[in-house]
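Shown next as structure tokens: one chain only, the form predicted on its own.
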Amino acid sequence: MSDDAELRALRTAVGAQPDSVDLRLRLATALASRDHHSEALEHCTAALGRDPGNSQAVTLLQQISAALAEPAKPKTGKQNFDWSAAESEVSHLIEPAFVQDFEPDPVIEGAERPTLRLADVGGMAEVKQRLELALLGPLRNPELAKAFGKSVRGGLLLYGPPGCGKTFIARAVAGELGASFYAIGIADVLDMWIGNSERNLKEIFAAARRNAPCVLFFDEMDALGQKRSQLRNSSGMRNTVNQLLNELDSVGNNNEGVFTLAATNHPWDVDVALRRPGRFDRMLLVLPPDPPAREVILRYHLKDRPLSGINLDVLVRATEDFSGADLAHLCESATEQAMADSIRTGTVRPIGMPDFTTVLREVKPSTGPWFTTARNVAMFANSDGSYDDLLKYFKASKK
């Protein structure tokens, strides 16, 4: 089997079993061996999200991160010149021009200033309304919030099926606030050396405070803030959760202007202490795109492509429960169908409804397993009312 064939086979296997940690790590290892480090990092991070204590995943993460940080080798000139030896030979003649006695801040480089607004988010009227009431309204009107005794402290936890736009919404919130946006993933925090994960969290929050106003967005919070009761054999991860709790608390830390958002597919796996007042004390359910949102997403992924006779109303009705990622995959699959037919016939033809009809027999919503688990949680583990929105959705949709 050639290298390309092996990668194709592994990617196909991961696509069929996205929750398989073993397959993710095999694909990440294969990608790293071929210098595809960015894609390898994505799969390694996904594996850690499903199994935070996996030592193989942590080790591989360090190897990939080191490879990404390694400076590119010069393509011209002498390849084996020993610059360190040369510097030592002339060190008595001249002092070094620059001295660096600090480590670069890990999150400064990742800051962005989103131009997105909630108006750019298609559909999801209820999500936008909840954001305005719970977060954006008080932040835009601090004096009014103070008059009503409304606190603007605490964070917001976005939860729902994978691929439904939680990160996109978080960027839009930052855009509404005119704040910098720091997207923090597992790889930015977890480290195989004892104490380094806690130090990384401390540096991330310190940088956010220095650069306020900003939105700190933690992805895969169920992996980073996993229930400590499930971490009896992982003291390192327990300490990481403890450090996160300490940074979120206002005691001893000035988090003024630092707005913390997080996303998770499994809020029931997040440590309960992280959801207490002053931390991620508000939860917002982000469901698969509603019909208006599906139309916007389909239009976006079909723009600039040759089309003929596409009936968006039919596609919107046929894609209930499809996540945003599922809709993107559907459009890609229909495009591949039309391309394959064009190659076979030697005549270029546009993408049509028959292409979508064909691929819809194979492409199904990926949200089914999530709804199965979520239904059980909403009905049998909702004693504190945390999942009332989810329960209301199931009753309304009769699922």
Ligand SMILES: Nc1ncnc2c1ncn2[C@@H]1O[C@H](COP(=O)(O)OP(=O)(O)O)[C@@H](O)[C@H]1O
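Start at 1 and count along the sequence shown; that's the residue number. From a predicted model like this one, the values you see are computed outputs, not experimental measurements.
Below, we refer to the form predicted together with this ligand, which is not included among the displayed structures.
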Original post:
Which one, 207-215, 178-186, 122-130, 237-245, holds residues whose non-hydrogen atoms are within 4.5 Å of this ligand in the predicted complex?
Top reply: 122-130
**OP:** Flag A293 as yes or no: does it have a non-hydrogen atom within 4.5 angstroms of any non-hydrogen atom of this ligand in the predicted complex?
**Re:** yes
Original post:
Should G155 be classed as touching this ligand in the predicted complex when contacts are defined as heavy atoms within 4.5 Å?
Top reply: no
Original post:
Any of the heavy atoms of P162 lying within 4.5 Å of this ligand in the predicted complex?
Top reply: yes
**OP:** Answer yes if any heavy atom of G324 is within 4.5 Å of a heavy atom of this ligand in the predicted complex; otherwise answer no.
**Re:** yes
Original post:
So which of A174, V270, L315, I297 reaches within 4.5 angstroms of this ligand in the predicted complex, heavy atom to heavy atom?
Top reply: I297
